[in-house]
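Considered here are two forms of the same protein chain, supplied as C-alpha cells in two stand-alone entries, structure 1 and structure 2.
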Structure 1
C-alpha cells in the first residue's frame, strides 16, 4: 500500500516558519499535484516527504509507517528533479541502472528492470546513447526511467518539465499521465504551472505562504473556489474580479454603475466590500447598452481558435473576455458585457467565497 499522510507537518528555519501545520491524505494510486506561486513552500514540502529536508514538527506517514527519521533511500520513494542530473560519461542504460548497481542488485534483475522501463518510455533504441546525444525530452524520460527501475511505492516530481520548451512540455505531460495510468502508482507532483496541474491531477493542493488554501479535483477548484486566491490562481486566463456594492439581502450587487445584479449565492452576514468574479469564457458580448455594463476594448489577441479581448475598466486591472476565434471586435470598440448569473462568484472583504445556492448550477 502506498498511501501518504501528512499530519500537522511544520518546517522552520530558525525563527522563519515556512510550512504551517499541513494536513493531507493521499490515497493509494492517486496523482496529487502541489501548485502555488514561487515561495509558497511546495518544493520544501515535497523534499520533506522525500526526507531531503528535516521536519520541525508533525509526522510524515508512508504506507502506514511514520518515516520522520528514516533515510530517503529507505522510504520507498523515487524522485524526479527539475534538473535531469544525468551522468554525462554513462549511456542511457548506465544512467538508469546506476542506483540498482550501487544497491548491489543482481545483473539479471537490473537488466530486466532497465529494459522494462525503456519499453514503457520508448527508450529502447536509445540505450547506448549518452546524454549529450539526447533531446531535452529524451533526457527527462531517462530521468523518469531511473526512478521507475527502483519500483518505488511513491513517485515524487519536482517541476520536472520547467526546463523544456512549450511543445515538449505538452508532450511530456501526456507521457507522464500515460505513465501513471499504466503503473497506477501514487504520484506527488510539484509545479507552479496551473495548466499542468489541471491536466495531470486527480486532486490539486493549492498552497500559499506554507498553508493549504484548498484541496479538490481540478473541476472542483475551477468551478467552486473557496476564496479569491484560488479563483485567481486556477484558470488561464484567470478569473476577472470587479469591486461591487451590496444591497438587499447582500446577494444583489452593483458594479461600475451597472443595474442591480442578482448573484445566486447563499446570503450571509458580512461586513465590508465584496468582489464579483466571473471567468473570461462566461462573459457575453452584446450591443452597447444591452448588457450589464459597457466597456472599451484595449487589445484583441487573435489566437486562431479563440480571441482574447482585453478591456479598460479603470482601476480594476486587466479584464479579459474569451471570445470565438472568428470574433470581429477591434481595439477601441465599445461593447456591452453580459454576466450570466449562474456563472458569477462573490467574495467577501477577506476573500472568502460565498457558498453557491446550487453547486451544480455553474456554467461548465
Structure 2
C-alpha cells in the first residue's frame, strides 16, 4: 500500500509562510507531477513528504500511516536530487549499495539488487567508476539507481533532469517513464518545465505561492484550466489573453472592436472586466475582414515544421498564432484572425474561469 495523502499541510519559516494548507491524495502507483514557477514551494512540499523538512501544520500520510514524526529512512521513500548528490568518495557500486549496507542487509542480497538496478539503467560497465569519472546523464542514472535499489514504496524526484542538456533531458524523460511502467511504484516528481509535466504525469498539481491552483490530468488542465494562471502556465507557447467587454446575457463578448462573439460557457453573475483566452494553436488565419479580428503581423518565426506569427494587439502585448510550416505570411502583412467558439476560454476579473457549457466538448 503506498498511497500518499496530504491533509492541510502547512509550512512556515519563522514568520514567513511558504505552504498555505495543501490537500492532495495520490493513488497507489500514480505518477504525480508538481509544477509551478520558481519559489512556489514545490521543493519544500516534496522535502516535507520526504521528512527532510519539519511540518508546521497538517498531516502527511503514507500507506495509511501518519508519518509527521517518522524519520526519512523509515517512511519507505527514496529521493532523487537535482544535484545528483552522489557520494564522491565511493564508486558507483558503493553509492548504490550504501543504504543497504548501512541497513545491515545481506551481502548477496545487496549484490543482486545493485546488479538488477544497474541492468535496468544500463550501468553494468560503470560500477567501478567514481562519480567524477561519469557524464551528467550517467550520474543522474546512478542517482536513480540508488533510489531503485532501496525498493521504496514512493519515489520522490526533485527536478532530476534540470542539470542535463536538452537532448539528454528528452532521453532521460523517456527512461523515467519506462521505469514507472516497469516498477509501477507511486512517484512524485517536481519540475518547473511544463513539457516534462505534460509528458510524464498521470496527474499534474499546479502550485503557486504555496497553494494548489488546480489538480488534474494533463489534458484536463490543457482543455479546462480553472483559472487564468493555470491557463497561462500549461501549454507552449502560452495562451493568448485579450481584454473583452460583455454584452447580452453575459457570455457574448466583444474584443478590440470585433463583432460580438458567443462563448460556449455557463452564464455567471460577475462584476468587472472579463478576459478572453485562446491558445496559439487554435487561432485560425483567414483573409482580412473574414475573421473576428484583423491584425498586422509583427514578426514571423519559421521553425520549419511550424511558424509562429506574432501580432501586436494594443495593450495585450504579444499575441501569438501557431501556423503551418508552409504558411507564406510575411511580417507587415495584415490578416484576419478567427476564433473557433469551442476553443475560447473566458475568465472573470479575479482570473477564475467560466465553466464550459459542455465539459466533454474537447477541441479537435
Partner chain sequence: MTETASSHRARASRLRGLSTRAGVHMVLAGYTLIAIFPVFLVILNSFKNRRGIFTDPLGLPGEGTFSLEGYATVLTQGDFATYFSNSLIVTVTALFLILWLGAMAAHALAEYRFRFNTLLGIYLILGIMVPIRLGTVAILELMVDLNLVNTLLALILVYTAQGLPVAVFILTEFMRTLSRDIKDCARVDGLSEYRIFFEVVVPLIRPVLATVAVFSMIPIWNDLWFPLILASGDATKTVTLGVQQFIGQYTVNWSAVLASLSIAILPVLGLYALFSRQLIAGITSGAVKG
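Take the two forms, find the largest set of C-alpha atoms that superpose within 1.5 Å, and that set is the rigid core. Numbering follows the first chain given and starts at 1. Not measured: the values here are computed from a predicted model.
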Deciding between structure 1 and structure 2, tell me which is the form predicted alone. 1
Superposing on the rigid core, is the CA of residue 133 displaced by 2 Å or more between structure 1 and structure 2? yes
